[in-house]
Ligand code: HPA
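Next up: a single chain in structure tokens, the form predicted alone.
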């Protein structure tokens, strides 16, 4: 007990030695969504590879940078890319960055991801506010094992995994900008293979509106530490069985580029209201 806390705190201290800004809000960027950092002023960019002990991603579209910056003169920190369970097979390692961000002072988090649209009414190129999630990663929970009391209690409540107040800000911001913002349940599977049409039909019956390979472990850990969370999915394709073509990561990246303007505008204006 306490070992994970000590590791996270030690890595956070290494980051503070490079940039000692006080941050309360962090943003985690998914595949192809790294353009948001261009909206930040007074940037300090620290590659994950230069932070001893910080998990790094091998996936194309994840730049692998911790970016401290400002919006309207107020500080925040951005994870430009994340590590996935399918890369390392260790949920505690996948979620270690969230623990580190907590040790840096973050108490609010916006998670983003690229996802497939499982709801037939949703289309590629649209954004979806995550209102709840399904954990279908079949890998258990990142909280399995001895509880880290310094982070949170043994049995964290998940009835409001996605904070209503933060979600309302994103909802209202999208409306004011004239951006279509779908709302729905995000379902996480472990990947790296895309879901089969049968799996998508199962997830639909369980209430899924979008499917992806990330986010849920980070949200579980954030809630364990009583962090407030909001989430946005960029719907980069129709899910298997709904798509007329075979799925590919290139398609995900290309759609991410096409929706970048709306995504960046929504995040920039929404985050600015939260700071």
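What you see is a predicted model; the values in this text were computed from it and never measured. Residue numbers count along the first chain shown, from 1.
This next part talks about the form predicted together with the named molecule, which is not shown.
Within 4.5 Å of the named molecule in the predicted complex, a heavy atom is found for all three of 114, 212 and 239. With the partner omitted here, the residue from 194, 162, 151, 122 that has a non-hydrogen atom within 4.5 angstroms of the named molecule in the predicted complex is 194. Note on contacts: among 247, 35, 63, 44, the single residue with a heavy atom within 4.5 Å of the named molecule in the predicted complex is 247. Note that among 114-122, 168-176, 68-76, 137-145, the stretch whose heavy atoms approach the named molecule to within 4.5 Å in the predicted complex is 114-122.
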